[in-house]
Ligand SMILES: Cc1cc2nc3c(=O)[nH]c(=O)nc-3n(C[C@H](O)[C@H](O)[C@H](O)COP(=O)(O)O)c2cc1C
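One chain follows as structure tokens, the form predicted on its own.
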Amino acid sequence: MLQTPTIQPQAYRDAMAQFAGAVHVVTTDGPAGRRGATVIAACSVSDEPPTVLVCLSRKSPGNDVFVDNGCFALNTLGAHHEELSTAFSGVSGLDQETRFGFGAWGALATGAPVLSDAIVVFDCQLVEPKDVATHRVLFGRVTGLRIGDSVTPLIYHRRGYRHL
């Protein structure tokens, strides 16, 4: 019988820390409430129709509002957004209302909060949520876009913020 090695969670996290990724704040608003969270795990799925995906921890029951509201906005952060990113990451223990005080927010088609000075915003209708292990993958059809100024992006690499 072929045996496959078991990868321990810490070893996996250490390996994933070698990935460099753009930093985003994913937001939602609607009948279930307003919420935002810092994420690295987000990417394009398709350009026809325009679709993105975002991965959110299922360990935080507050993240259920993204599915309940049926929409989200993916706000890509610039280097000047480190403090905002930390506020939305949860490590500071700030409540949602306080987190949203770290930026100027508006809305596009879905009503999800969009950061006024984000590098780019993808405003999305939820197409499908899919639970995979500890995370929920949200697939969203892009219903609105806003491209901001061309500024230095905020990157997360080796467990810290970096600038290109």
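Residue positions are given as counts along the sequence shown, with the first one as 1. Note that this is a predicted model, so its numbers are computed, not measured.
From this point on, the text means the form predicted in complex with the named molecule, which you will not see here.
Proximity to the named molecule in the predicted complex, defined as a heavy atom within 4.5 Å, holds among 65, 55, 119, 52 only for 55. This chain lacks the partner; the member of 107, 137, 41, 127 within 4.5 angstroms of the named molecule in the predicted complex by a non-hydrogen atom is 41.
Across the proposed site, 78, 150 and 162 without exception lack any heavy atom within 4.5 Å of the named molecule in the predicted complex.
In the predicted complex, the named molecule lies farther than 4.5 Å from every heavy atom of residue 34.
Although the partner is absent here, residue 46 is not a contact residue: none of its heavy atoms lies within 4.5 angstroms of the named molecule in the predicted complex.
For the stretch 88-113, the set of residues having any non-hydrogen atom within 4.5 angstroms of the named molecule in the predicted complex comprises 88, 89, 90, 96, 99, in sequence order.
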